[in-house]
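A single chain comes next, written as structure tokens; it is the form predicted on its own.
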């Protein structure tokens, strides 16, 4: 088995599950023995992957969740220390840890940074206390601002997550959250429209997609004016601060997922395998993988090259026509030899992506 270019570690624990969450997570107290048992198993998996030569080419590491910082100082530092011994960390390695404001401390940031963590992604969602309470978040706006300051003492590569179209939110409060995020000086912001999933506490909330679309447009205008470039449908960064780990997902690089519910991907002689918990869940044929690469490529501002579409068309005879249809509908444009999403394409991403994906047959 070959080496992977990216590594994802999943921590499935939180202090409290949010009202919109349908991820593989569960609420556990920090002193719950289940956290120790999970960490022991995870460390064994990391060491095993290292012995099998699967980690030697990893260019990015991402510890996500759940809430990785809910593990607590000792456990999380132990995990990162084990990773530092198991991978070829170097100055160019991107090493991200997701954090929530209520469980992020200055000593923890100091020790993680010393061990090679050089990027922190802080789950904020809103800077309005009423909206945070409606979402079931366990931190307030002040804790969120304080968390950014804690990280800035050691690290400048900070990302904030914000969510639009949430209960009690208005266009004005959304703009205020965006303005507060910009005032913190972070170099990366991801913005997501709230999605309601079956079985979650917010299932009765009626999402207004038109309002969400307007809020996403407002975010693009405000973040862009402040110097954060939109490089992916939901992500904005100052030059040099785009998330390389997420880019690996969008560009078809093999990645390994470790931990409960963690996803992975690898190429084999049969095609592209998608894995969950190390087991193959889906096999894409080579033509399907080519269609997926084009579809994911159109999530990015740079899009895909005309040559890539032409090459894929040798496996997918309908693909060239699909891009011409997207061009006619105003979902894409041609610029510098590349198909790139337009503003309409950003807002109607599902239409654009399905147009490309449907051309696989």
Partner chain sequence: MTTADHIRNFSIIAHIDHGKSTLADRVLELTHTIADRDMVEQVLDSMDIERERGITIKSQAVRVMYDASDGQTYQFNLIDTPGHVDFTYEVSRSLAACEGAVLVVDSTQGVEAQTVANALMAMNANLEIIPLINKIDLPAADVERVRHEIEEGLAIPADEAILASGKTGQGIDELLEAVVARIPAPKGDADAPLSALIFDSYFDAYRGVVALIRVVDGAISAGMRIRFMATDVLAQVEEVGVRRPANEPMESLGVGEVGYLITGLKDPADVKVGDTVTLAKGGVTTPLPGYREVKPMVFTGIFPLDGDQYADLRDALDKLTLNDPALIYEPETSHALGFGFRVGFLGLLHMEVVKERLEREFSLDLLATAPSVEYHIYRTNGEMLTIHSPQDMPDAASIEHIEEPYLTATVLIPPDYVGAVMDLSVARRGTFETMQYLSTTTVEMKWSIPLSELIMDYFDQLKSRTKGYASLDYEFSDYKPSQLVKLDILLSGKAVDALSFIVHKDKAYATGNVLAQKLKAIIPRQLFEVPIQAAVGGRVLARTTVKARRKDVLAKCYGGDISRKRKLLEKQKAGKKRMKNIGNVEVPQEAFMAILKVDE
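Residue numbers count along the first chain shown, from 1. For clarity, every value in this text was computed on a predicted model and none was experimentally measured.
From this point on, the text means the form predicted in complex with its partner chain, which you will not see here.
Trainee: From the list 92, 270, 153, 209, which entry has a heavy atom within 4.5 Å of its partner chain in the predicted bound form?
Mentor: By the 4.5 Å heavy-atom cutoff, the listed residue in contact is 209.
Trainee: Let me know the one among 304, 295, 35, 312 whose heavy atoms come within 4.5 Å of its partner chain in the predicted bound form, would you?
Mentor: That would be 295.
Trainee: Verify the contact flag for residue 58: yes if a non-hydrogen atom of it lies within 4.5 Å of a non-hydrogen atom of its partner chain in the predicted bound form, no if not.
Mentor: Because no heavy atom of residue 58 falls inside 4.5 Å of its partner chain in the predicted bound form, the answer is no.
Trainee: Given that the partner is absent here, does residue 331 sit within 4.5 Å of its partner chain in the predicted bound form, heavy atoms only?
Mentor: Flag for residue 331 set to yes.
Trainee: Using the partner position in the predicted bound form, report whether residue 246 sits within 4.5 Å of its partner chain, counting heavy atoms only.
Mentor: Yes, residue 246 sits close enough to its partner chain in the predicted bound form that at least one of its heavy atoms falls within 4.5 Å.
Trainee: Do residue 9 and its partner chain share at least one heavy atom pair within 4.5 Å in the predicted bound form?
Mentor: Taking the distances in the predicted bound form, the answer for residue 9 is no, it never comes within 4.5 Å of its partner chain.
Trainee: Taking the partner as it appears in the predicted bound form, which of 137-145, 108-116, 167-175, 228-236 has residues with heavy atoms within 4.5 Å of its partner chain?
Mentor: Looking at the partner contacts, the answer comes out as 228-236.
Trainee: At 4.5 Å, heavy atom to heavy atom, what parts of 329-361 sit next to its partner chain in the predicted bound form? List them in sequence order, or say none.
Mentor: Sequence-ordered list: 329, 331, 344, 346, 347, 348, 349, 350, 351, 353, 354, 357, 358, 360.
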